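Take a look at this single chain in structure tokens; it is the form predicted on its own.
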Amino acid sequence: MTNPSSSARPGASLALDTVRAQGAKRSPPLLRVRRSSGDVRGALLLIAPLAAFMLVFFLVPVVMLMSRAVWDPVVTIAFPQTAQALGSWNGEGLPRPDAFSAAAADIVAADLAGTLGEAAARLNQDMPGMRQLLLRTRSHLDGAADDDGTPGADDKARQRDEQAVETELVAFDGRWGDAATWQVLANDVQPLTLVYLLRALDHERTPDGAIVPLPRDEGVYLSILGRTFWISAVVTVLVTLLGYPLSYWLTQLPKRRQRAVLMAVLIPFWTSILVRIAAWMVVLPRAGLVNRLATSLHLIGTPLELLYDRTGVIISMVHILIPFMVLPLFAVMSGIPSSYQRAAISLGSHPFEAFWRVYAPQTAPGVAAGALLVFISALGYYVAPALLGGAGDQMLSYYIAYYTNTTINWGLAAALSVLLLAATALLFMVYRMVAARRPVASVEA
């Protein structure tokens, strides 16, 4: 006698159970153990050249760049005697007179060595006005040396009485008598610093060592990081919505037409990104092809602002990244037998239900892989927002390039890179946790 409960189950559920059972048969745990216990030594020898290449030309440069976020010896190199004199200072009141003498000697020596300008710029980041103070002090020390009739300013500075140097510096500029100036010097003469990481997180350290948020008009990097994630998420959703039906249609085509359409998808993928963005710069302006076509079809009354706007950035990024979704999805969909859907329909399921409950869950690995690939690729996009976007559309990579190439602030560029990498790694961990709880994973286990 037939079980009434089983006879009442829809066809899609029966087909889905069959798919899960076949999936469990395809990947038994014993088979996985056998695969992992192969010729490990031979496998390591095969990948050794690639591993060495990745280590030398990828990991080492990345680690060296990241280390600049917390390691900045510029001030230490320029002020070695000051660092030694301030080593025993507790940060309260003014340091001992020998610190004034050491600072004066270091200023002169750093100027002669050519390191004063870089150190002054670094100190100016923590306390505006420090660069001017150091350069003016350097000129003053030159003048004092000339008044004494001594040709060598550096030798003269070293010979001065420490107490006299303190009095002279405080009288020259009152900031030398401010404990905050020496607190900044004491913090920055230490090569290990959190200044750049704090600034990337919109925080700063006050001269007394407290960590406080930056003023609203200066703390911008967390909002830029949020904008980067938002644009990447929107692009990922649009690429998924466009790539999924395209990939499904591709799998339903005859082989000859399938190859032709797949080639049409891949040709833009092989074209330079700059060429594709240049093409969008021709198509998207107010007098471009898109606006002229929409106006002639009476879809819009006035031309839209698509260039130097976020809309143009998203359109170009979707166009560039859609092959990253189509290729993994097509690979997964091509391996799904069409008999599963036909079996569900023959058992009484609606075609859409058969697609949604039998076919779509099997494409989840391809969707997840494609979405992750698109999202992570979009996070690092620089060229498209820089050429097609406005001032409010730039992503975090733009500022990393700006601090690397324009202002030569390697510390802040490295800190922003660390921030972007950490946020991406955190997101990936969340994805792995969510993926580990999928029902399919439990069936295969």
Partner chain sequence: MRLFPAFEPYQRWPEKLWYVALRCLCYGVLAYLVLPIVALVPLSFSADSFLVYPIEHWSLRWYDTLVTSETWWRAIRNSFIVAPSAAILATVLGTLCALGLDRASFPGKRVLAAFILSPLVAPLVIVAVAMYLFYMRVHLAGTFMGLIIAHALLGAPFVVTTVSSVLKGFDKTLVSASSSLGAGCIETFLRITLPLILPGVLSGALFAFATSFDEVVVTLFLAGPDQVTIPRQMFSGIRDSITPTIVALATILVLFSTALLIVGEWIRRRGESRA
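Source: prediction; values computed, not measured. Positions refer to the first chain, counted from 1.
Just so it is clear, the following notes concern the form predicted together with the partner chain, a form of the same protein that is not shown.
Annotated contacts: 55, 58 and 376 all touch the partner chain in the predicted bound form [non-hydrogen atom within 4.5 angstroms].
In the predicted bound form, at least one heavy atom of residue 271 sits within 4.5 Å of the partner chain. Contact annotation: residue 351 falls within 4.5 Å of the partner chain in the predicted bound form, judged by heavy atom distances. The partner chain is not drawn, but in the predicted bound form it has no heavy atom within 4.5 Å of residue 165. Within 4.5 Å of any heavy atom of the partner chain in the predicted bound form lies no heavy atom of residue 390.
Contact with the partner chain, judged by heavy atoms within 4.5 Å in the predicted bound form, is confined among 251-259, 191-199, 220-228, 97-105 to 251-259. Scanning 276, 310, 203, 136 against the partner chain in the predicted bound form with a 4.5 Å heavy atom cut-off leaves one residue, 276. Of the residues in 42-76, those that come within 4.5 Å of the partner chain in the predicted bound form through at least one heavy atom are, in sequence order, 42, 43, 44, 46, 47, 49, 50, 51, 53, 54, 55, 56, 57, 58, 59, 60, 61, 62, 64, 65, 66, 68. Between this form and the other one, the CA-CA gap for residue 331 and residue 50 widens by 3 Å or more, being larger in the predicted bound form.
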